[in-house]
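Given next, in structure tokens, is a single chain: the form predicted on its own.
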């Protein structure tokens, strides 16, 4: 007697579960758990990494991210307004900047500002300034388009109502349109903050001192010292300590925005 569609679905699903269980059993029997534990999560190495990994690497990662995000947000807002300007040269400048920095890898920007500028102009930039500019210049290009989309999403009636009350165009933009636009684009801006957190790992290119290490640099240095992947795993988990709450915040903000609409 042929199987019904529901029965075939159950058989296929049961086979998939059976295969998964079989693979888990084989891995559990074959794997050298002692060696894996020493290679990936050596408790002694974890104890040696703390508290420096928190007080130095984690704090610096957060600091670099906030510096880049703050600079990028201000520059992104300016670029978005230039992109919406009625003055053609402003639009051309904004479009050129956005297309350039959206197409150039952040790695190349770090190399240009960390090594190219000091060689070309015979001047040394402060490490924190270099990080802020490198992350902010790239982030500004993405945030500019996000903010521009948010400004366009604000109903034109809001601007018209403000102008009818005697507000100038600039005052209406600052007082009415931009605050509403930021409420709309808050979730994607938070996503950009997550991306900048991960891009901060490129700071290792600048050859920082021990007190300026971020998580990726700290993990790489400790990897060479302990010959174990444990420091890399610890650094990855601490990145998650930053990014997972931000991801949860993004989902909450998106849900709230959708409900408000």
Partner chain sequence: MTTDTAKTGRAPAAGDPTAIAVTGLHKAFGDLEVLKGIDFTVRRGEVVCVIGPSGSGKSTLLRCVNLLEEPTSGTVVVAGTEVTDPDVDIDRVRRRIGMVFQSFNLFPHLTALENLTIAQQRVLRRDKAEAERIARANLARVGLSDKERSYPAQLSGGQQQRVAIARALSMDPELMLFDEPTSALDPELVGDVLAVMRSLADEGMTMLVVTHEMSFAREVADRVVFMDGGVIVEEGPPDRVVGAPQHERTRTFLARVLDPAAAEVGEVADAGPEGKRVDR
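Numbering follows the first chain given and starts at 1. The model shown is predicted, which means the values in this text are computed figures rather than measured ones.
Another form exists, predicted in complex with the partner chain; not displayed. Remarks below refer to it.
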Option from 156-164, 187-195, 139-147, 115-123 whose residues, in the predicted complex, bring a heavy atom within 4.5 Å of the partner chain: 156-164
4.5 angstroms heavy atom contact with the partner chain in the predicted complex for residue 179: yes
Contact flag, residue 183 vs the partner chain in the predicted complex, heavy atom cut 4.5 Å: yes
Any non-hydrogen atom of residue 96 within 4.5 angstroms of the partner chain in the predicted complex: no
In the predicted complex, residue 86 touching the partner chain (heavy atom, 4.5 Å): no
Sole residue of 171, 152, 102, 91 within 4.5 Å of the partner chain in the predicted complex, by heavy atom: 171
